[in-house]
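Here you get one chain, nothing else, as structure tokens; it is the form predicted on its own.
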């Protein structure tokens, strides 16, 4: 029941975008796909959903190809920044078309969501603000009967209240009808408590692939006087550092040595997901998590 991405490469005009991507996306999980702007997140999601073709490699669902396969592609849905709707068409008509295309489209829930977001379904798509275009596309994504929902920058243009409402609805609909969500976003702090598993895409490759608790359990901020911190972290996988006066913080990703004595002046804490991501994508060597 899982999606398998194997040895996927993508390049445009001789420039590498994705380099040997290998992932498994399992049923009924919420994933975070994290990466800096231009890292290739949208390209990867478009390859998985068959909107573009990979230069090489395979993408399968239950061992069936996702390339030009209506049977398997019907189980996926990608919500992205690309506007696929006719700008002159009213939203209610767009929902009619979606309902005909997806036989089990939850029209009642879509109407409820429109009311919660204060979205006028009699409006024409082209008359909507950027935020309300996003809201309409999110409503469709939450109501389609697909097993795998890919959300590429799903809160573009949304204010804080609407973002919070979306996160609440995502959790509620996931609880009522579990399916897989893959969320690609730069607002890491906001989704940190939603996602169960994280992929970090950096320098064309997946540099981190693991459950959020496991990854955070291997992530440390080690703080104290500069000399003591440097002595304690010698030989560890330092992914970043900060310094203020004589106080130094080394950010470490990977196992600490249990038999290494910790100086009384040194404090060790776990990093949050956003701080970890910022330091991991500063292009220093990090261990891969499988």
Partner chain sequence: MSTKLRAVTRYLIKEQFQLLGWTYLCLFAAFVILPFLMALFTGNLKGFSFISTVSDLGLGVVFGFFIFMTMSLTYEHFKLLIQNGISRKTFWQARILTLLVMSVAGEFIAALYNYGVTAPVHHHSASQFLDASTYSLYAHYFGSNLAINLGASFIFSCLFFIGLGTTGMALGSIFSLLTKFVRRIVIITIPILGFFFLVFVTSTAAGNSHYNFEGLANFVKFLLGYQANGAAGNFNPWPPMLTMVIGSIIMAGIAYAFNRKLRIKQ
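Positions refer to the first chain, counted from 1. If you're wondering where the values come from, they're calculated on a predicted model, not measured in any experiment.
Not pictured, yet referred to below: the form predicted together with the partner chain.
- Within 4.5 Å of the partner chain in the predicted complex, a heavy atom is found for not a single one of 11, 15 and 24.
- Residue contact check for residue 102: one or more of its heavy atoms lie within 4.5 Å of the partner chain in the predicted complex.
- Under a 4.5 angstroms non-hydrogen atom cutoff, the partner chain in the predicted complex has residue 85 among its neighbouring residues.
- Taking the partner from elsewhere, residue 249 is found to have every heavy atom lying beyond 4.5 Å of the partner chain in the predicted complex.
- The partner chain is not drawn, but in the predicted complex it has a heavy atom within 4.5 Å of residue 77.
- The single contact residue among 265, 56, 231, 69, judged by any heavy atom lying within 4.5 Å of the partner chain in the predicted complex, is 69.
- Checked against the partner chain in the predicted complex, the residues 111, 185, 98, 211 give one hit for a heavy atom within 4.5 Å, which is 98.
- Exactly one of the stretches 163-171, 186-194, 199-207, 69-77 approaches the partner chain in the predicted complex with heavy atoms within 4.5 Å, and it is 69-77.
- Of the residues in 41-60, those that come within 4.5 Å of the partner chain in the predicted complex through at least one heavy atom are, in sequence order, 43, 46, 49, 50, 51, 52, 53.
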